[in-house]
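Take a look at this single chain, the form predicted alone, given in structure tokens.
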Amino acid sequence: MALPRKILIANRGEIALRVIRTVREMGLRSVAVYSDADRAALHVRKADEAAHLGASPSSESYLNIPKILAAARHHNADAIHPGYGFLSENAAFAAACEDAGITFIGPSSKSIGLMGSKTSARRVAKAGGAPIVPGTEEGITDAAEAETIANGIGYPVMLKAVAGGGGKGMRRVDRAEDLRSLFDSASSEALRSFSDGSIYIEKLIENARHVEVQIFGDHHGNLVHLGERECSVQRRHQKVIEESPSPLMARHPGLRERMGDAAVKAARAAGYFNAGTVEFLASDSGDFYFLEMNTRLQVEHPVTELVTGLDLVRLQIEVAGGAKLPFAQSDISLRGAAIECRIYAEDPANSFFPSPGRITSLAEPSGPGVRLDSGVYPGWTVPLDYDPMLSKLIVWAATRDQAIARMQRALAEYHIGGIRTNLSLFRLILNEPSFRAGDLHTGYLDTLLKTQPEFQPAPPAHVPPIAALALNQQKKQEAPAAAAVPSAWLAAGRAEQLR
């Protein structure tokens, strides 16, 4: 194995730019790929070379394995970095790269397959000694069987898609009489989203935190963790703010070591190498349970980079080329505090409905301790075709309180004109006493928003029946069909790539 010479980035937007920048710093060459919708995208402009994949739908471009491999061969790329989302956790894609003699910058196809299925991942983690939430270890397709199992576990329970993520195919069930209808609903959504309607059941841990551990392994058997990230501020099961370290660690000395050890054991049981994240549910008492593993680089990896001083993308490339990790577990320490906000093209005052369109003006924050991973520029049009994340705003400071103050300052400087964004949401959260105190759980944001009138959709105005009929007809003529709106934009939940 040797360091790649030319890397194709099988992704778009800010993560493609993030990888391109490290590739350039390493003296390597980059190849961007793009669809019709992304002809003018920033990642296409910044790469050394670019390959057109096809039409805008992701099935014809960013999810098309033969086209991506053909682009790699045409441009003589000897490695592919998948970023996150799209094909990053697709075992078949990793295997196709392996078969083609192209280095896949990530784990093996075998590890992706093992940990990509939620039930398989639970079995692997359990075998590795990680604590598991009580629940099933096999997928279920029959509502009657699910009812029997849920009665045995005890309510409340969570139904989750075996092949899923991003909140799709997920339902909370509080009462036995609701289980069948919610099971059918979850299974149907899972089938639409992942072509697999099987569901597994877990005991619901009330008011749990979502804490994840970044792990990294090489091809020589070295495997370490790089600390944790607090990801409890979520909207409809989608992370909104992430930070490192987790405020929970200060309340429980030794918890980081125990959680990190469990994460490493789970990854080792899967024969894992390269970057990965083991996710846990944790209680304020310090108990924690394995949730799932993401076999790729995370959206929120910058907060770990800022508190460890490491470039995780560089490490990914070096490890993929056969290098040993340049550190041991004892060398890893976290310094200061980092916070990340995910900036989306959406309207918080209208049920977070998508806000595509042309960016007419842009003022970006800067200064000490401020990092902006962005894929947009003035004059660029945000397309409907893909997930609406525009950028990630990340800050670092010596303490969490200072990091919060720095983020508030950065948010005050940030302006994106021409479209709606969720910047106002972060200004609200960062000012909340409970957030500042670190009193978080996965239902925190949904509870907070219920108390904020400005984030509630306005009630529909009264329209006389005849006028309503005319208005409805006009809308039918002017508006695109609902089916034409890509699922990544639906307010009910984002695409898997943004977990």
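Note that residue numbering follows the sequence shown and begins at 1. Note that the coordinates shown come from a computational prediction; the quantities given were computed from them, not determined experimentally.
Beyond the structure shown, there is the form predicted together with another copy of the chain, which is absent from this document and is the topic of what follows.
Think of it this way: in the predicted complex, another copy of the chain has a heavy atom of just one of G254, G221, G309, G152 within 4.5 Å, and the residue is G309. Though another copy of the chain is absent from this view, in the predicted complex it lies within 4.5 Å of a heavy atom of just one residue from L182, L334, V133, A269, which is L334.
Comment: 300-308 is the region of 206-214, 173-181, 224-232, 300-308 lying near another copy of the chain in the predicted complex, near meaning a non-hydrogen atom within 4.5 Å. In the predicted complex, another copy of the chain lies within 4.5 Å of some heavy atom of A398. Not displayed here, another copy of the chain is approached by L372 to within 4.5 Å at the level of heavy atoms in the predicted complex.
Mapping the unseen interface onto this chain, T148 falls outside it, with no heavy atom inside 4.5 Å of another copy of the chain in the predicted complex. Contact annotation: G101 falls outside 4.5 Å of another copy of the chain in the predicted complex, judged by heavy atom distances. In sequence order, S366, G367, P368 are the residues of 338-368 having a heavy atom within 4.5 Å of another copy of the chain in the predicted complex; the partner itself is omitted from this view.
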